[in-house]
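First, one chain by itself: the form predicted on its own, in structure tokens.
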């Protein structure tokens, strides 16, 4: 991986206000990735490819990251970034809406990283649970959504996202097959380990 290029990608994304994984969230996830033998990662929400590039250094030999993105401009940027970072042999981009793509995938994954449309988190969870390996981990980023999820006040346009994020938290907390913790890093990170 070209670390210098990674820094340039990060700087550009921040300047252009493209949402990329926050440093403390990345550090937290990396701690887990270091301990696991990771062959396959599924990422829902590629943006410009920054997090996928960061995760590649934890892959086992011949490991792969499948990542899904629907925004054509972001896909273009992500492809360029992945090549520049010299990890194009490790990252595979599915182009289109995750809601349509996920049901067509039948791989098994060690890690699933959810960082896409907040209103679709419960659906993403259902699909992640179908594809996650025994002892796998599901990470859901931005789960506290600027504090809205834990507060009583929500603007009208955030209602669906907040309701569905709350539903996600309820599902991962009550599922007997999952051991979940919610951390206040970044904008909230849910970590669900398969029991």
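Only a predicted model underlies this, so the values are computations on that prediction, with no experimental measurement involved. Positions refer to the first chain, counted from 1.
There is also a form predicted together with ligand SAH; it is not shown, and the following applies to it.
Partner-proximal stretch of 30 to 38, 63 to 71, 131 to 139, 166 to 174 relative to ligand SAH in the predicted complex, 4.5 angstroms, heavy atom | Only one stretch passes the 4.5 Å heavy-atom test: 63 to 71.
Any of the heavy atoms of residue 124 lying within 4.5 Å of ligand SAH in the predicted complex?
-> Taking the distances in the predicted complex, the answer for residue 124 is yes, it comes within 4.5 Å of ligand SAH.
In the predicted complex, residue 117 touching ligand SAH (heavy atom, 4.5 Å) | Contact with ligand SAH, yes.
Contact test in the predicted complex: residue 113 vs ligand SAH, heavy atoms, 4.5 Å = Contact check for residue 113: yes, within 4.5 Å of ligand SAH in the predicted complex.
Looking in the predicted complex, any heavy atom of residue 51 within 4.5 Å of ligand SAH?
-> Residue 51: contacts ligand SAH in the predicted complex.
In the predicted complex: members of 17 to 40 within 4.5 Å of ligand SAH, any heavy atom | Stretch hits, in order: 19, 20, 21.
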